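Below, in structure tokens: the form predicted alone, a single chain.
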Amino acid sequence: MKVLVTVKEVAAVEDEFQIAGTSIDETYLEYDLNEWDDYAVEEAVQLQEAGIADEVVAVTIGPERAEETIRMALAKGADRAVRVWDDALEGADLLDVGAKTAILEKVVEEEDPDLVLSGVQADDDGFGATGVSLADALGFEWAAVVNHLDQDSVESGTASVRRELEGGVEELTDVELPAVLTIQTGINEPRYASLRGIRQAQRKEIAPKTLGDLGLDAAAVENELTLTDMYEPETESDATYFEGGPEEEAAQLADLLREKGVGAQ
């Protein structure tokens, strides 16, 4: 059995950063594996360790910089990886679900996996729709927001899963393979990449693919979404911020409390 895991590189700001207008300079950004995808990788590797999966392949859409992120998936146990990028994607402010689906669909057709695992959503755009959209394009069955997977059922060709629904309700359901499962955080405990795993990851294959390699052209990944504006939202809270040293802030707080009628009688 082959398991394909879709992973994404996401940006996070450093502890101290500056905002210029509504943008943050690249120098203040750090890139890492999307949290939800980390759980999907762990689930795939556990299937491999249980002797159910013969091969785990990670796939990402991203520039050369993303190889550092996808090597984390390799260091944690994935056997090899595919990275898709193209000049036609360079200028996109936001890669929408349709474009991602078109690319990943072609990779799945090439790899022919029995099971596709994807994080429920990404830290940055938070669409939460790519996995289900991919299943629809492929004609695969799917289950979203999966927080438990019965490994034994996968071996028999049916994924018995538990899904997290609204209001704390959970659903038990069976999904026939091949299928796409979007993995929720908490389904497992993602491992840290060992030093040995990191070293081995340097020797594992990351196959670069362009749109042309997948039989696609720029028109296939044209965004239907356009980033039109960004702005700082108006605060609706009635918070008061104090500035100064501890004694100055304490004095300001005491003054405010007295103004509000709070004080010792």
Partner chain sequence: MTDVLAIADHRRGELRDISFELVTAGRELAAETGGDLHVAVISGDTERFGEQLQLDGVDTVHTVEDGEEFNHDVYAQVVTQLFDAVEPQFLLMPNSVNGLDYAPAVANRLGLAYVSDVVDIGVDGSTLTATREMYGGKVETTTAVEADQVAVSIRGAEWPVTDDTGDADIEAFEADVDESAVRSTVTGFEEVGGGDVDISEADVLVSIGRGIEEEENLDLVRDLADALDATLSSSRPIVDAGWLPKNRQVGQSGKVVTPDVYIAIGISGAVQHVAGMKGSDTIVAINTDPNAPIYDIADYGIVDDLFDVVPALIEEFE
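Rigid core: the largest C-alpha set superposing within 1.5 Å between the two forms. Numbering follows the first chain given and starts at 1. Being a predicted model, the structure only gives us computed values, none of them experimental.
Unshown form predicted in complex with the partner chain; subsequent notes refer to it.
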item: Heavy atom distance at most 4.5 Å to the partner chain in the model of the complex, all of A66, D87 and D152; value: no
item: Segment that reaches the partner chain in the model of the complex - one of 193-201, 211-219, 32-40, 46-54, heavy atoms within 4.5 Å; value: 32-40
item: E205, heavy atom within 4.5 angstroms of the partner chain in the model of the complex; value: no
item: Any non-hydrogen atom of R162 within 4.5 angstroms of the partner chain in the model of the complex; value: yes
item: Touches the partner chain in the model of the complex: E111 (any heavy atom, 4.5 Å); value: no
item: A92: touches the partner chain in the model of the complex, heavy atom cutoff 4.5 angstroms; value: no
item: In the model of the complex: members of 165-187 within 4.5 Å of the partner chain, any heavy atom; value: L165, E166, G167, G168, V169, E170, E171, L172, T173, D174, V175, E176, Q184, T185, G186
item: Core-aligned C-alpha movement of E166 between this form and the one not shown reaching 2 Å; value: yes
item: Per-residue C-alpha change between this form and the one not shown, I24, threshold 2 Å, rigid core fit; value: yes
item: Threshold 2 Å Cα movement between this form and the one not shown at E232, rigid core reference; value: yes
item: Cα distance between I61 and S23, which in the model of the complex differs by 3 Å or more from this form, closer or farther; value: closer
item: Shift in CA distance, D15 and L195, in the model of the complex relative to the form shown here, given it is 3 Å or more; value: farther
